[in-house]
Ligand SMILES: NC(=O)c1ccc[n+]([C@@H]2O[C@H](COP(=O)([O-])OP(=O)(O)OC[C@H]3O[C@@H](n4cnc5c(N)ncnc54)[C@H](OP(=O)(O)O)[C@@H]3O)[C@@H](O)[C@H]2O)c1
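In the form predicted on its own, a lone chain appears below as structure tokens.
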Amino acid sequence: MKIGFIGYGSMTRALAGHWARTHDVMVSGRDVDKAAETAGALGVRSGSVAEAAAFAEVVVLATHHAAVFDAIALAGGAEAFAGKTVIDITNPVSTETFTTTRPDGRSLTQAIADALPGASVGKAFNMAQARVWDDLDKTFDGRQIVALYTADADADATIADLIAEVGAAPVRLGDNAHAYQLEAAAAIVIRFLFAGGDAHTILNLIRPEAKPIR
């Protein structure tokens, strides 16, 4: 699979580091030199935002949340994402109030999906710091990490497979109408992290008897 990252920070390094073992990965961003530096460290290709969107079957939005729509514009707008799976890993969370910042009470993921009607969109990997995803061992306190995600029907299987490939257990919360809940939950984790919590701080799902969510 071809995976293109828009963004070159710690989350890109963590996730791309896993996926580059079995997939063709490209790293991009507004600063092409920084993108090339990250790509070089991972042994993957780099390019412009537009090149990454054109290259990829799966596009990972790994920018700062406030830059998401600028990144979409740099990629070429909605048409550049048509037919692709788009994974939003960002969190629209204030680090002053530790609340979500979307003014309309809806998730950033849903706004992205609305802006990219030709793409299959989901939210994942937003509820843990990069060091958690970078760690090869996804077992904490004797339990495998559960990675909650949202996705429309066409993105579901792809996102679940990519979560499993990094060693976590994928659990779909629902479609992207539920993505706001993931963003709000991430705000809790971020608050603990900013208070000095260990970088491996997570909210894990413990299900003594796993049953499908309907």
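One-based numbering along the sequence shown. As the structure is a computational prediction, the values presented were derived from the model and not from experiment.
The form predicted in complex with the named molecule exists for this protein as well; it is not shown, and the discussion that follows is about that form.
### Task
Answer with yes or no whether residue 128 is in contact with the named molecule in the predicted bound form, where contact means some heavy atom within 4.5 Å.
Within the cut-off, so yes.
### Query
Is the gap between residue 100 and the named molecule in the predicted bound form 4.5 Å or less for some heavy atom pair?
No.
### Message
Whether residue 161 contacts the named molecule in the predicted bound form should be assessed with a 4.5 Å heavy atom distance threshold; does it?
### Response
Flag for residue 161 set to no.
### Message
Taking the named molecule as it sits in the predicted bound form, is residue 75 near enough to touch it, meaning that at least one heavy atom pair lies within 4.5 angstroms?
### Response
No, no contact at 4.5 Å.
### Query
Among 146-154, 163-171, 64-72, 176-184, which stretch has residues with heavy atoms no more than 4.5 Å from the named molecule in the predicted bound form?
Residues of 64-72 come within 4.5 Å of the partner.
### Query
Quick check: do 3, 81 and 85 each get a heavy atom within 4.5 Å of the named molecule in the predicted bound form?
Judged in the predicted bound form, none of 3, 81 and 85 sits within 4.5 Å of the named molecule.
### Query
Of 1-20, which residues get within 4.5 Å of the named molecule in the predicted bound form if you count heavy atoms?
Those in contact are 7, 8, 9, 10, 11, 12.
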